Structures are given as structure tokens and as C-alpha cells.
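Here we start with a single chain on its own, the form predicted on its own, put down as C-alpha cells.
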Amino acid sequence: MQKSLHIDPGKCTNCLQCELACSYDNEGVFNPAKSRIKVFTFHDEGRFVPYTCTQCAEAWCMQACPVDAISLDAATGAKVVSEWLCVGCKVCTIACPFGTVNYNADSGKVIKCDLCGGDPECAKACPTEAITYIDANWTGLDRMRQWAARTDAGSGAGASASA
């Protein structure tokens, strides 16, 4: 069974535990700037939205890499950056339409969510279950559209910033 991250922005309190857990697991430091997940704040709406790589089926980042440093982890479905192959050209950061592939100036390589090998630290650290790691059949575009429609109806505002 393929699993994926499911994010419920309505449960996010901006505690940043996901960012801290991610940066510690991947970089060995508690530094949100080095996290592969970011919590965006929508001040006008008083909402917070955790956001990370969605592991796209088309994976433009993987297709754009000139040295094939991004590959598919068949077990998790994650698109994983090979640190020893990455040359730090940043082409994948440009190719990603969601801005979830980032350059790490310390290493000179790119970083992105790799689902922690199938045991995502961000989901384990989230105290409100705003981030969960569940059966992939229960996540996806249809669920995002349902949530966006519910948000539009309830607030009268557009949902483009939350989906």
C-alpha cells in the first residue's frame, strides 16, 4: 500500500514542530530554515498551512535534473535527491511548480522531502495531527478540491492560497 502525507490546514497551530523535527532528522540541527517542510502563515485569515513536496506523479524536478540526481524510491513513492550525484545547478528548483525543492547553501546541493524513508518525522512530531501519513488513496486532488469548496462556502474568500 502506497502512503502519502495528508495535510489538514484547519488543524495547524503554527507550533513549527514539523519544521524542527524535519531539520533535526535531515540536518542534525533544530533550524526551521533547513527544514524540507514549511508552515506558511496567512495573517489576514489567521490560518497556517504546512507545505512540502507532494511527490508529483510527473515529477518535473526529476525530469529536469541534467545529472539524474533525483530518482524514485519505489517503496515510498518519494522522489529522492542523491546527494553524491547532485551538482547543485538548481534546475530542479526552477522546474518545481510548487517551490518545494530548495537549495542548501551549506552543502551546495538541493533538498526536498523524501518522506524520511517511509516514516516522516513531520507527521510524528505534529501534536494536532495536521500532518498525517496515510493510505495514498485517501489523499489527493479530489480531497483538496472538497476542502477548498468547503472553505469558499464558509468564508466567502478564495481558496487558492490554501490548496
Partner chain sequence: MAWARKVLRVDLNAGTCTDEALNMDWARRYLGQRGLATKYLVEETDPRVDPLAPENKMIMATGPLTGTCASTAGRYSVITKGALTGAIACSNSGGFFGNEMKNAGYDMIIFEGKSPKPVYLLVRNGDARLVDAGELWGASCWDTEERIKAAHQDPLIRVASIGVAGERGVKYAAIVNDMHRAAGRSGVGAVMGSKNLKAVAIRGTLGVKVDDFAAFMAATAAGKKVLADNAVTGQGLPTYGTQVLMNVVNETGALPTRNHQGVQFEGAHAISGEAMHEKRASDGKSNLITNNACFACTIACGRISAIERTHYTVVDRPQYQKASGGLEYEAAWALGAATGVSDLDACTFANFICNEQGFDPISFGATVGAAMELFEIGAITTKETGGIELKFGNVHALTELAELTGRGEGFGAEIGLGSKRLCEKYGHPELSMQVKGQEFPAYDSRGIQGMGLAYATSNRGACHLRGYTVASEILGVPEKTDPLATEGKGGLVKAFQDATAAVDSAGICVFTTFAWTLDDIAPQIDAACEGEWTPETLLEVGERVWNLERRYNLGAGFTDKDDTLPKRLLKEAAKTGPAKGLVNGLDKMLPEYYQLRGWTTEGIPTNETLQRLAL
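Residue numbers count along the first chain shown, from 1. Computed from a predicted structure; not experimentally measured.
The same protein has a further form, the form predicted together with the partner chain, not shown here; the description that follows concerns it.
Though only this chain appears here, would Asp44 touch the partner chain in the predicted complex if you measure heavy atom gaps against 4.5 Å?
-> Asp44: contacts the partner chain in the predicted complex.
Do Pro32 and the partner chain come within 4.5 Å of each other in the predicted complex, heavy atoms counted?
-> Yes, Pro32 is a contact residue.
Sequence-ordered list of residues in 103-131 near the partner chain in the predicted complex, where near means a heavy atom within 4.5 Å = Contacting residue: only Pro127.
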